[in-house]
Structures are given as C-alpha cells and as structure tokens.
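Single chain ahead, written as structure tokens, the form predicted on its own.
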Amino acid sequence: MLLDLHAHSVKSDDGRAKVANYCQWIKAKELPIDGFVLTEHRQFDDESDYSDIGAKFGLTILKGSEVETEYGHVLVFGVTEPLTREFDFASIHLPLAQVIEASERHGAVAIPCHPGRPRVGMAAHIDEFGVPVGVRIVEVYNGGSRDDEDAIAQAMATELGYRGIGGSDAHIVSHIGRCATRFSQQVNNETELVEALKAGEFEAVTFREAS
C-alpha cells in the first residue's frame, strides 16, 4: 500500500488545495498512491471527517499534524485528544524531546520532516543541540525539497540508523503523490498507520522525476 504521508489542505495557513481536489487529481492522473495523510500546520484538525470523500474516490484519507520544534518541523501520526492536551500544537517553540515523549506515551509517532532543509530541518540543528534522543524515523523523500536537501536527509538517516518515510509536502493539488511511503500491509486508519511505522514495515519512494 502506498500512502503520501505529508500533505496540507486549505486548513493549513499556506495550503491552497481542497481535499476533494487532491482526490480528483490522483484519479485523473492515475497516480499510484492509495491515499494520503493530512498533516496540517501547528494544529490537529479533529473536526473534519473525510471518510465519505475517501469512499467516493476509493482512497484512504488520514490525519496527522506538523508541529515546530527547536530541531525544525516534525510530523506527528496517531494524534489523539489526550495528546493534544500534552503540548500546544500551535507553538513554534516546542521542545522536540517533549513532542517525542508525549507522542510515545499516547501511542503516537513523531517524525522529523524535510530534515535536510535549512532552518526548518533537523540536520541544521544537530551541531548546536546534538543528536536528539528518541528519533527513529525521518522523512528522506520530500516533494518540496530543493538542491541536495533530500541527499542531506538520507545521509543523516544512514549515519544515525534512522528509517525513512516519503511525503509530497503538497500545498497545491498538482504536488500530491510526488513522494510516498510503501507499506507491506493495509493501512486503513491512524492506529494501523502507527502500528506499521513502529513495526518498520515500510520504505520511502519518490515519483518526483515523473511528476
């Protein structure tokens, strides 16, 4: 199963894509992905229910979040209402250690995204803060990466023994599905997504060259 693990809708402050339009694009362009995860910036969108849209288009649509820490941006999968009370998702100064610890305690997974990107990527902050404790997975393919950002992420993952995921980081419709994560099992909901990530039964893939 192929899921794009990093996408933003109009719910994000800089997102310009409606969820239905993502679905229409995936089907019209016959993209190989089976679904995507909406990781809205600095929030968890608990109110939106995309199950009907997903069923209409035959796609799995899940929800996560993208938060901001001293090590850069971090995707959180498996967000629950109790987890949203552990830290302020809207803050731009979250301690990564707190995000990781709270996520693990509530059965979620925290994954630094676009870690090779200047300023908002983890690799840019290791010299200052050291290697963070608790990171096991990072995003090694990001559809919005430029120059050698993905190469930096991949080198860091290799050096530190991290597993890698892929996500488009789409903010506009035509960017969805540029990168994704292939799972060896079906992933139908956020709980199964977390289980698959913790089991390590996945690999990052990119379709950027063909997009």
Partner chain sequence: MSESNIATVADVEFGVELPAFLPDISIDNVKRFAVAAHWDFPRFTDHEAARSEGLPGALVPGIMSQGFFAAMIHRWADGAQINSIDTIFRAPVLVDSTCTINGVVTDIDEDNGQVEIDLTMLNEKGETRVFGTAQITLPV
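Every value quoted in this text rests on a predicted model; they were computed, and no experiment measured them. Residue numbers count along the first chain shown, from 1.
We do not show the form predicted together with its partner chain, though everything after this point is about it.
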- [ ] Look at the stretches 182-190, 160-168, 42-50, 144-152 and give the one with heavy atoms within 4.5 Å of its partner chain in the predicted complex.
- [x] 144-152
Open item on the list: Whether Lys198 contacts its partner chain in the predicted complex should be assessed with a 4.5 Å heavy atom distance threshold; does it?
Closed with: no
Open item on the list: Would you classify Lys29 as touching its partner chain in the predicted complex, given a 4.5 Å non-hydrogen atom cut-off?
Closed with: yes
Open item on the list: Leu59 versus its partner chain, in the predicted complex: is there a non-hydrogen atom within 4.5 Å?
Closed with: no
TODO: Please check if Ile172 has a heavy atom lying within 4.5 Å of any heavy atom of its partner chain in the predicted complex.
DONE: yes
Open item on the list: Pick out the residues of 15-34 whose heavy atoms come within 4.5 Å of its partner chain in the predicted complex.
Closed with: Arg16, Lys18, Asn21, Gln24, Trp25, Ala28, Lys29
